[in-house]
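What follows is one chain in structure tokens, specifically the form predicted on its own.
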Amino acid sequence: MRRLDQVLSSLGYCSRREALLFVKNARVKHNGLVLTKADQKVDPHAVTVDDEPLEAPDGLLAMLHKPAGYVCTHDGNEGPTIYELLPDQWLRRNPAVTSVGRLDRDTSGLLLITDIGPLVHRYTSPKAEIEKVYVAELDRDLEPSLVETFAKGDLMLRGEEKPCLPAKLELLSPRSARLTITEGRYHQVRRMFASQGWHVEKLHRQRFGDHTMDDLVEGAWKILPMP
């Protein structure tokens, strides 16, 4: 059980002081009964605001279809940020929401958003070896030999001391391919192709672990069940 004002504040509904107005205006119920005190102890799963259950009271996990041109940072000086695409209420949650790993400005596709620290570690730890699937469009025709080059597990990237783990490359057309990796090195997909003389002109992430975007349109998001 937790204080109502603390619950509402941590989930981004309002400040603790503003919770007094929520109560005064009879907007909050607990097990169907209107609450009269902002400091009352409640079960977050039994609370409603405007007759709607609290959103993700145990922590938020969501999927965002990131468009190209957006950056994965809270710093607005770097251009449009992914957080501009999310509900304002999410941005007021405490702990704050963050992306699970990053996609660079020019990369589109599936991005996970959460306010659960252990989940970020779980998804990004090198030991987890979670699969990420990308579709890349290249500047010139691909060579079939790249499939074996990426699969061998001895591909070195400039400035790295360890080779990349084996990756699965599928040639989709003369200048497009699907690449499955289990690491998350800086600009890894672009650097892997660059190491062999190809420039990635367009990059899109289709899958992250068990999560796929399905029909989620660009710029849209949806809340996911907890793993």
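Residues carry their position along the shown sequence, with the first being 1. Because the structure is a prediction, the values reported are computed rather than measured.
Missing here is the form predicted together with a small molecule; even so, the following discussion is about that form.
Asks: State yes only if every one of I130, T182 and F208 has a non-hydrogen atom within 4.5 Å of the small molecule in the predicted complex; otherwise state no.
Replies: No: no residue has a heavy atom within 4.5 Å of the partner.
Asks: Out of the stretches listed (52-60, 187-195, 35-43, 162-170), which one is close to the small molecule in the predicted complex, meaning heavy atoms within 4.5 Å?
Replies: It is 187-195 that comes within 4.5 Å of the partner.
Asks: Does the small molecule get within 4.5 angstroms of any non-hydrogen atom of E84 in the predicted complex?
Replies: No.
Asks: Give a yes/no on whether T114 approaches the small molecule to within 4.5 Å in the predicted complex, heavy atoms considered.
Replies: Contact check for T114: no, nothing within 4.5 Å of the small molecule in the predicted complex.
Asks: Please tell me whether any heavy atom belonging to D104 falls inside 4.5 Å of a heavy atom of the small molecule, as the geometry stands in the predicted complex.
Replies: Answer yes; at least one heavy atom of D104 falls within 4.5 Å of the small molecule in the predicted complex.
Asks: My question is simply whether F150 lines the interface with the small molecule in the predicted complex - judged by any non-hydrogen atom within 4.5 Å.
Replies: No, F150 sits far enough from the small molecule in the predicted complex that none of its heavy atoms falls within 4.5 Å.
Asks: Within 4.5 Å, heavy atoms only, which of A19, L11, M213, L203 is in contact with the small molecule in the predicted complex?
Replies: Flagged contact: L203.
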